[in-house]
Structure formats: C-alpha cells, structure tokens
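We begin with a single chain expressed as structure tokens, specifically the form predicted on its own.
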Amino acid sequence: MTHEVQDVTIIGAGPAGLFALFYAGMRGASAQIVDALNEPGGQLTALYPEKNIFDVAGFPKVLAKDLVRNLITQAEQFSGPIHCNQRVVALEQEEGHLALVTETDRFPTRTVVIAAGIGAFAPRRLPQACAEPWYGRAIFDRVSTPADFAGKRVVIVGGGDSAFDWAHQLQGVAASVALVHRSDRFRAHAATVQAVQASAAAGGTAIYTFHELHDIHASGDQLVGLELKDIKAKTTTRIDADVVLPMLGFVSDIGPLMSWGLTVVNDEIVVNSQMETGRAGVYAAGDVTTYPGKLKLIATGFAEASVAVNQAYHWLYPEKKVSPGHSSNLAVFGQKDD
C-alpha cells in the first residue's frame, strides 16, 4: 500500500516520536509515525509500563503507560496517524520527495525525523523447542496489565530488571510467583532484587537459581507445570504453573539506517545542534542520536524532537520561522496569534 505524501514522517513511536508528531501538528505540518512494534510507546510500553518515571517535567511521578497515553492524546489533536507493525527497510529518493519503505507499505514524505530509540527491537525467545507452541497461549514475552495474571501461577524466566520488576509487581496479584534464572548473579536494581528476595525468605516468591526450562507439562490444551533442570546438579524439578513470562531482554537493530548515508557511531546517528543528520531532509531525535554532551533522557528527547521538527518545518517552508513562539499565543489552540 502506498500512503499519501506527508510533510514529516517520524520513525519510532516512543516518547520522542510521539512528541514529534504533536509538534509537527502544532506547526501545521502534515505528519505520521511508522513503528515496528504492535503498539505505541516504544520501551515504555514494551519494557516497563507499570514503572513510575520521576524526571518528566511537571509530573512528580507518572506511570510509563500513563505518560504514553497522555502523549498519544496530545498528538491526537492533529489527527496524525500512527502506523504500527511497520518495520522500515529502506529510504528511497523519489521525484521531489523521499519515500520510507516498510516490509508491506510505502510512505512518501518530504522530510524524515528518526526517533527510533535503540532501533527496532524484539524480545528474546526461550530457546527450548517445547516452549514455541505455547507462545501467545500461556507464554507471554510482553506484559502490560498485571491484572491479567490475577489468580494465576506465574513463572518468570530471567534475571534482569524486567524479570525482577514483574516478580515484585505480581506479588499479591498472582496466586504464586516463581523466578527462574541460570545463575545467582542478577542484572536488576538492587532494591528490587532485595524486595523479591525478602518475599522469598518470607515464603512468598520462589527463586530457582542455576535452573532453566527443561520441559512443559500440559493437561489437554492447558499448561499446568514446568520441569526445571538444575544446570549444576543435572537434576530436574517439577513446579506448578499456568503462565510463563520470559524476560530475557531484547534484540535491537537499527538495520537499514546504516545504509542511508548517515554518520553512525556505535549504532547511534551523529547529529548537530539542529538535529540534522547530514542528509538533506533527514533529522533525528532521542536515544538514537549522539553528539558531544548527549544525555539519554526522556526530557532530552522531547527537546530534541521539537528542534528536529522545527528545523524540518523551516526547511520545507523557508518563509516560516524556525521558532513557533509560545504555544499559549498560538491560533491553532484557539488563542490570539502573535
């Protein structure tokens, strides 16, 4: 499918990309987002929707999923579409404009803002063949709502932040929680590890170190238990389970961006203070960028998104100012235009 030409096409629906979509609409530019994931929010949605964020201006604290919802609501004022499940594979030059090509669609555009975060990423899957048929039925590698697991016997596989975050948050929600990891060294925040270990000491969460999935037990089409293998003793242990949450990290890849004529260092795009990439009409913002003094923060991404969009807008319409002025005075919001 070939879509209509837009002034600005943003790659990535994380916080920087969503704010860029709003900002483009505020400037009167037609805009859209393309994103490889199946829903907006980037890492906030995929990795820690239930975690509080404390360094977003104006919010003493805000749940990651609530911040995403508010960013989408803010952008929806201008009706710029968000196209999910669209993995970009190429950027092509057409007569008078560019075209982003995905695995299924074509998005003609006059400018591009790359807000791709760490790139297209996908959860690491359990390597055991016995697990594959259960994905989407009893094995879920993305979690958004703890209530979905109320009363369930949940087994979490992993030893990083996501594994411990969900082990902690599902206490008191799930009927039982077990954490399975191949070693006794964890890559999670110490406070969360201590909270889960305290639960284990009190007879709550079960922790199986030096264990891995060996087999799955089912009753009909229902998963009812797991067989775990002790990788040191080579023995096996059966535990009850209704749901498995593999929290094994993500595989990320900036993929075709490497071939777009941009300067890329350590999978990050080098930009200047105008968020220019060196290719005409192509800008970047957020975690995918690098420059001297770069800070990888959501707050920084918001600022970079506004700079990128304003520069793209001025490049498209040289008669327009780079700065939009104060939003409190803009006619687009029904105020008296300066």
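Because the structure is a prediction, the values reported are computed rather than measured. Rigid core: the largest C-alpha set superposing within 1.5 Å between the two forms. Position 1 is the first residue in the sequence shown; the rest follow in order.
Quick note: we don't show the form predicted together with a small molecule, though the next part is all about it.
Would Gln43 count as a contact of the small molecule in the predicted complex, using a 4.5 angstroms cut-off between non-hydrogen atoms?
Result yes; Gln43 sits at the interface with the small molecule in the predicted complex.
Just checking whether Leu63 would be counted as a contact of the small molecule in the predicted complex - the rule being heavy atoms within 4.5 angstroms.
Contact with the small molecule, no.
I'd like to know whether Ile118 contacts the small molecule in the predicted complex, with contact meaning heavy atoms within 4.5 angstroms.
Output for Ile118 is yes: heavy atoms within 4.5 Å of the small molecule.
Could you confirm whether His217 comes within 4.5 Å of the small molecule in the predicted complex, counting heavy atoms only?
Residue-level check for His217: no, no contact with the small molecule.
Using heavy atoms only and a 4.5 Å cut-off, determine which of Gln169, Ser199, Gln86, Ser176 is in contact with the small molecule in the predicted complex.
Comparing distances to the small molecule in the predicted complex, the residue within 4.5 Å is Gln86.
So which of Val282, Val271, Ala31, Val34 gets a non-hydrogen atom within 4.5 Å of the small molecule in the predicted complex?
Comparing distances to the small molecule in the predicted complex, the residue within 4.5 Å is Val34.
Are Gly158, Tyr208 and Ala241 jointly within 4.5 Å of the small molecule in the predicted complex, each by at least one heavy atom?
Result no, not one residue of the spot touches the small molecule.
At 4.5 Å between heavy atoms, only one of the stretches 22-30, 308-316, 272-280, 285-293 reaches the small molecule in the predicted complex; which one is it?
Only one stretch passes the 4.5 Å heavy-atom test: 285-293.
Inspect the rigid-core superposition and answer whether the C-alpha of Glu268 shifts by 2 angstroms or more between this form and the one not shown.
After core superposition, the C-alpha of Glu268 moves less than 2 Å between this form and the one not shown.
Knowing the shift is 3 Å or more, I'd like to know if the C-alpha atoms of Asp161 and Glu39 are closer or farther apart in the predicted complex than in the shown chain.
Note: Cα gap between Asp161 and Glu39 shrinks in the predicted complex.
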